[in-house]
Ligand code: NAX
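Here's a solo chain for you in structure tokens, the form predicted on its own.
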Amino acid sequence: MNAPIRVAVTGAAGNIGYSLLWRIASGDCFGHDQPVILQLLEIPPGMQRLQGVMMELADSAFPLVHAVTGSSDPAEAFAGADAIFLVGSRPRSKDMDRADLVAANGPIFVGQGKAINDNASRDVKVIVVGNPCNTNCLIAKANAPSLSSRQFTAMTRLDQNRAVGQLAQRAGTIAANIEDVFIWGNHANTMYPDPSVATVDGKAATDVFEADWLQGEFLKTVSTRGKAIIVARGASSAASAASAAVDHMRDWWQGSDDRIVSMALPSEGWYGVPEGLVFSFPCRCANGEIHVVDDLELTDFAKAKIQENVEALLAERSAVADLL
């Protein structure tokens, strides 16, 4: 058995955190031979609820869970952490626009970035789930100057999983038979699910589906799925977001087996995206490292969608300039 790793989760008593913890504790994320110490963070009003979550984790008697701690202090929750899920943020309500979400959540990630910088493992891997996740990731990284930009990512895997689901339904197949569809850009309605190298039952997706559907109904459905779920269930995505966070971190930690996956990370100039902008790219993961697939041929449609996302993210960055 390996030595335990420390895994921190913020917003741990919230809907996403609650779904996420059981997947981590069961070994779905880091491996079924990898013990974990769970370090859970909540805001002070959520501490009683967190106590109940910790009681349930104890009652679940997971063999891989060596300890569980709860705190409202980020420095304590992030101490020595090897992996961090930044989940806690104000969820988007039906009447909120994106500017409201940026203003409400940005300051949270200033303090968390500083706490990660000062307390986490020097090899920590961070995924930002709380929205707007690209810009929140940008803020957290800016406030953790002693860590590499490659250690901070934002989650667009939920968008990828939504795209996979739509392709599978349209083709009458199962999700496991869809490979290498990925997301460009921002976790927002501008993001672009790119099917250009995807396959369906081993066939090119662009041969299986009509171009009009891929650039029309498919794109619209995936990019507005979050809002549709809020309308349908009266709350934002929770279980599917937790599942996507596990997928993201699992592939980063254990490798993606040569599959292309979606991860947003600070750009190093790939595909002309301005350096430092947290942007979703096609990636492969191996040996704990993320490798951007940087040699794809882009269609004019893809280039236009990438530029649309660049402009949206630059506007978000300008809106939080005082937090960087």
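A quick note: this is a predicted structure, and the numbers were derived from the prediction, not measured. All residue numbers are counted from 1 along the displayed sequence.
The following text describes the form predicted in complex with this ligand, which does not appear among the structures shown.
In short, of 163 to 171, 231 to 239, 117 to 125, 142 to 150 it is 231 to 239 that has heavy atoms within 4.5 Å of this ligand in the model of the complex. The closest heavy atom approach of C133 to this ligand in the model of the complex falls within 4.5 Å.
Using a 4.5 angstroms limit between non-hydrogen atoms, Q112 touches this ligand in the model of the complex. Under a 4.5 angstroms non-hydrogen atom cutoff, this ligand in the model of the complex lacks G106 among its neighbouring residues. When this ligand is considered in the model of the complex, H248 lies well away from it, no heavy atom lying within 4.5 Å. Within 4.5 Å of this ligand in the model of the complex, a heavy atom is found for all three of G11, N15 and I43. This chain is displayed alone, yet in the model of the complex one of H291, R259, R49, H32 has a heavy atom within 4.5 Å of this ligand; that residue is R49.
Of the candidates L138, V181, M155, I84, M155 is the one whose heavy atoms come within 4.5 Å of this ligand in the model of the complex; the others do not.
The partner is not shown here, but in the model of the complex the stretch 185 to 200 reaches within 4.5 angstroms of this ligand through a heavy atom at H187 alone.
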